[in-house]
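Here you'll find one protein chain in two forms, each presented separately as structure tokens under the names structure 1 and structure 2.
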Structure 1
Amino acid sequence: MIESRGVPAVAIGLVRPHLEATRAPRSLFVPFQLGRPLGEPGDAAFQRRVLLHALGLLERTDGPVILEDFAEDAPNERDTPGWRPPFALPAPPSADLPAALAAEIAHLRPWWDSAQARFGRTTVGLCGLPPEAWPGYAGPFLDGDVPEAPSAFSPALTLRYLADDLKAFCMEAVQAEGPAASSRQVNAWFWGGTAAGRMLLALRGVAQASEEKGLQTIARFLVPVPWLPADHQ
């Protein structure tokens, strides 16, 4: 519709099969992390290269469909040498995941507060519950129960947003001090060494096996595929 009105358009996409299926007149596939179509935040020079490459497709005349790959990896894939969290996580008080998560959240809360002061913002706040309430809401799902949602969202959607809040809470807290880590380093820490990561993996399994359609739908949003253990794929 945009093109038919005389306005040339270019799409930048992170999922190549989507670009292949939609067949926009001009598309640039970028092999970056989901949510970062231009690469690392704050890297203006790299973002400029991506945009100029995309805009360069406007000069092409070999359509009607052009789909090109961006050849560079995003700088956020480069690890920060020697990076490690500015704190050590407490040993889980028991094998009880909700209890372990509650202890972890209490430990991370001051670091999350410091991160907000450092960066002047937070992306936590989707589910409508404070961090201290997350283990109590998510825990019953592990036993097959569906607790009443505390807001206008459905229980399943509340759980999905709680998962997003939990990931953001932990990943912001771990960057409260010190040099910036790569997204790979932060994700490796979260999915490989936190009670929060173990909780989301367990919830994903429960949601997948549930007969409740809403839970089945949100299961795929709880854990990114690249960070699924082999026995969960």
Structure 2
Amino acid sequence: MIESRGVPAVAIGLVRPHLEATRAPRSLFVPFQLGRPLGEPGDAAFQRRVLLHALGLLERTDGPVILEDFAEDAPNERDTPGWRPPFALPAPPSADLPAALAAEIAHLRPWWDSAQARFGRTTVGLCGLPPEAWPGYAGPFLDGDVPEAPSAFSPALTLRYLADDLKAFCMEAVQAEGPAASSRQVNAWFWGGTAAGRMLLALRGVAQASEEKGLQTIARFLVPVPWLPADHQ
């Protein structure tokens, strides 16, 4: 699309069949997981090799279609042996999910602060509410209520963005210290044992069963299918 408008372009692609089908002028297939076109977080030398390979295709003249494969795998896609979260989760104070979530957020808050210092930023910030307000906003949905949204978004969309923020908050917190865990390890921790994960699973069920169209729509965007418990699939 861009090259046909007069500007040379090169794509770094994560799905080789897509690159084969579209026959773009220059593509570099990288064998990394979806979401990581440069491959390795925190490894400037690795990212640089990916980038130089891709940009180098711009100097080639043997078109009209160049598709190359990047030869290296990203090391961090393998599980880190012995990785453990840097903290233990608090024991849930009760079966009350919003209360358990509130306790967990309070427990993780200093770790999230540390993660921001470590990584220089946070990716939390979509829903417009601070973490301490999330249990109070999400909780009423479990009882079939639809609370008023605090922003210009609809209540359902606010809940969807809150889910994204909640995942980011917890996953950043658990990466605050120590060696880099693989994505699989971070997700296994989140979906396997946190009140946040249980909360999102419960909200998914409520949204699926809701007669409110907005909630029905966002139900699919709360829990990735690979991490659904067998009895929820």
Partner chain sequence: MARIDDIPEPTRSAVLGLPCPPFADQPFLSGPPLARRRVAIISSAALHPRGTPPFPAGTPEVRMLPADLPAASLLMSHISINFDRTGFQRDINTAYPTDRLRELAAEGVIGGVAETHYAVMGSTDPRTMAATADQIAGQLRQERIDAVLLTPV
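Please read these numbers as outputs of a predicted model, since none were measured by experiment. Here, rigid core means the biggest group of C-alpha atoms that superpose within 1.5 Å across both forms. Residue numbering: structure 1 sequence, from 1.
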**Complete:** In this pair the form predicted on its own turns out to be structure 1
**Message:** Would Ile12 count as moving between the two structures, using a Cα shift of 2 angstroms or more after superposing the core as the test?
**Reply:** yes
**Item:** Yes/no, Glu40 Cα shift of 2 Å or more between the two structures with rigid core fixed
**Value:** yes
**Prompt:** Does Pro224 show a Cα shift reaching 2 Å between the two structures after rigid-core superposition?
**Reply:** no
**Request:** Can you read me the CA shift for Pro31 between the two structures, rigid core superposed, in Å?
**Result:** 7.6
**between the two structures, C-alpha offset at Thr22 (rigid core aligned, Å)** = 8.8
